[in-house]
Each structure stands twice: as structure tokens, then as C-alpha cells.
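Here you get one chain, nothing else, as C-alpha cells; it is the form predicted alone.
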């Protein structure tokens, strides 16, 4: 089936110009077309231009969607989430509101290990049910592609349960789902005094199985004091590469550890968080064009420092935004909200925030060749927004401006 989007007041294409990512001043180039149209055949974009260039007689049997007074832009790509979880940590939110720190709560058995307990108790069927509701809500907020990490199982059985659930969701749901293995999210409670034993299980048991069964595209690690040091992270990421898992790094979130430099060393696709990245880490990321995935929702939710977006962009590092949707440190899947926080707290422009949530976010998942922009030949993922111009998206926050979503050339119905 073919589709035509016509009478678009403002089309935001975010053109890649044949490149994997946008960097520096290029992040402000949105490729705006006023009074525009987009033609789609099956799931791909075949034509983009101004309405006066379009011959209506050429539409043939295509379905026509009139986008009068609407803004259209690429579907949002959320390249860092932990949305497959069970249970709630609202009690920890209440504790933080009275002054307890994230680390203090974790030291008392809360944090990641709290969610691990609930995930281990949940069936795969239940995990999928919870995730399916969240995916539907994300789609309604304009997210058409999302990464989902494991990391709340922390043993072979439960990590595999999570990854199988993620893979099945990818086959069953409309959203494009990308799977990441993150056994190195924390040390499980039963092995707290035997960290090396757990690292060995990741290296020798989990990664070979995950890679051989193609349960994930990426391998991620939490490179942080009290979690996994640089040497263990390097070993895990290199082993992942041997089994076809591309590296990602949770880097410099709670303290400076050298995670950014490690990400550059192992040619990671992305380094995520970066709240405590140094000048040397920024230079290393720029030298390898590692995507810096910034997570403003975490800093907002935990009242932590924000990543130095301006320094990263000015240094030529490709910057992406993601929600880090998870029950403990960012209980939000709204990409427009992440854009607002990036603009108000991280000094990113609306143009940079949009690029960071579309094309560059797709690059953080190795998908910018087919998603993240509205260009001929790419998959037809788009959001239709009831706003007067694109700047209203981060400006008018707290409201969902998404009117319709096009996913792989199909207008979704709620």
C-alpha cells in the first residue's frame, strides 16, 4: 500500500547528506521544507518536495493524509532504555525527595538490585505484557524505534529470559526494537563478594550463548566505581565483539572512571551518560566519532549534574539524546521532554535537540542508514505534530503534541 502526506506546513527532514551522523554546526541543519509533501511506497520514502512540485494525478491509488497546518518530522529514536522491567521503585523516589542519594539507596539493597528481584520473580510472559504497554505509550509520544537492554536478570537464566522477551517483542510489535545485552549492569546479590566469578560467567557463559543465538545486537557495560572497572569492562566488550556484539559503554555517570576513553579504544558505537567526562575523554570520543548519548532525564530525576553537551558538540562529537527510561533513575519515555530538558539545562538549541533525537540517535544504534531522517530510500517513520512550528516541540512541554504516527509507511491507529 502507498501513502502520500500532503499540505505539510513544515517538513523537518534532518538530512544526513550521505553521512552517518551530524556533528558540530551540522547538528543545526534540519532541512526544512515549507508547504511540503512526502510520497511513500510500501515502507520506504520515494519522493520529498514542495506541494507545487507534486502532481496530484500521480498519486494513483495511494492513501492520502492531509497534514494541513501540521509539522512533520522523523520518528524519534530512543537509543538507550531499560523498559523491560517488573515492579516499581516509587519508594526510592520518595526517599530521594527527602535527601537520600542514589548511591545510599543502592548500598542498602535498593537501586538496580531492587528491580533484579522483581524481574527474577516475573515470567517472560509478564515481562512482555508490561513492556508492551510501555511500547504502545512510547509510540503515541512519537518514538518509532527503541533500544531495550537486559541487565535486570544478572544470571544466565534471567538475562536470557529478558533477551528472549526483547527479541519476541521486536517480532511482535510495530515499533523497531533493538536488543542490548547488559549482564554487566551490576554484580548480583549472591556474588557480591565474588565479583571475578560473575565476570567470568559473563565472559565464558553468557556472551557465547547470547552471541550464538543472536539474542542481541550490542553489548553494554556499566563502567563505574562499585560496579565494573575499566579492565573488566574492556574484557567483556572485547569478548562481545568476538561473538558479534557491538560495544556500548555506560560511561562517566556517577564519577570519572575513564569510560569515555575506553569507549574510543574499543570503537564503541556509543558512550552513554558522560556527566563526568573530562576534556581527554571528549577528545577521545571525537577522534573515533563515537556517538555521545546524553540522558537528561536522569540528571533531572536524580538532581545530578548534566553532561557537558556544549563542550561535546563544539569538540565535534556526534551527540544523541535518549530517555534512559527505567524504574529507578528516569521514569519517563517522552523524547520531547528530553529535548526540553536538553535545551533548558544543557544549552542545546531546539535544532540540535531534534537532530540528537532522530538521526544521531539512529546512528547510536547503527541504523542511521535507514532511519532517523526523512530522505528518499529510507524507511518511512514519521510523526505528525499539532504545533505551529518545530520549535514548539521542546518549548511547549508537558503536553503530547503527536497527532499521528507513521511507522514503516503505515498510519498507526490507537
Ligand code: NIG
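Note that the structure is a prediction, hence the values are computed from the model and not measured. Positions refer to the first chain, counted from 1.
Another form exists, predicted in complex with this ligand; not displayed. Remarks below refer to it.
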Does this ligand come within 4.5 Å of any heavy atom of residue 334 in the model of the complex?
no
4.5 Å heavy atom contact, residue 138 to this ligand in the model of the complex
no
Check whether residue 112 has any heavy atom within 4.5 Å of a heavy atom of this ligand in the model of the complex, and answer yes or no.
yes
This ligand contact at residue 78 in the model of the complex, heavy atom, 4.5 Å:
no
Would 228, 248 and 270 all count as contacting this ligand in the model of the complex, using a 4.5 Å heavy atom cut-off?
no
Interface residue in the model of the complex among 326, 158, 257, 179, criterion: non-hydrogen atom within 4.5 angstroms of this ligand
326
Stretch in contact, per heavy atom within 4.5 angstroms of this ligand in the model of the complex, of 285-293, 335-343, 125-133, 81-89:
81-89
Heavy atom within 4.5 Å of this ligand in the model of the complex - qualifying residues of 371-397:
none
